[in-house]
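Encoded as structure tokens, the following chain is the form predicted alone, with no partner shown.
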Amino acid sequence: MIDTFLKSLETGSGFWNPLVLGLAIIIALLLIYIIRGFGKKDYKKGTEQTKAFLSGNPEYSKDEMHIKGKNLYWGFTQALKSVYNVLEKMHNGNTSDYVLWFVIIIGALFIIIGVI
């Protein structure tokens, strides 16, 4: 009876048995729980241990810690300042304008590729 049950689970590309898979998951979770038990017991929630390590720098408020895009890409914008100024003037924040330009450019690329 078990032999016919196991043959019915055989596929063309391997063997599928949900009971074996379930047992493997239970064993893996048990191993994870045992390994986790070897961890440090002196962890205390809500103390200095839960703060992010910032290479020894003090942690300020979120607004003071946030790196803005202009600071992050300063070298990039300085190197391409002439191009960036033109693009900044064209920027209006309307998504449909960007989608229209995307469609126009993709259409032009398809025409170029179709001719070649």
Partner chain sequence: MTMIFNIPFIAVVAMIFIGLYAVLFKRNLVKMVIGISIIESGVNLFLITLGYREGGVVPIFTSAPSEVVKNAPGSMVLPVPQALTLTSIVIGVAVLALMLSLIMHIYEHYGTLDVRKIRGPEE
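Residue numbers count along the first chain shown, from 1. As the structure is a prediction and not an experimental result, all values here were calculated from the model.
Just so it is clear, the following notes concern the form predicted in complex with its partner chain, a form of the same protein that is not shown.
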Legend entry - Partner proximity in the predicted complex: V99 to its partner chain, non-hydrogen atom cutoff 4.5 Å: yes
Inset, instruction - Tell me, yes or no, whether A24 is in contact with its partner chain in the predicted complex, where a contact means a heavy atom of each within 4.5 Å. - result: no
Inset, instruction - Any residue of 74-92 with a heavy atom within 4.5 Å of its partner chain in the predicted complex counts; write them all down in order. - result: E88, H91, N92
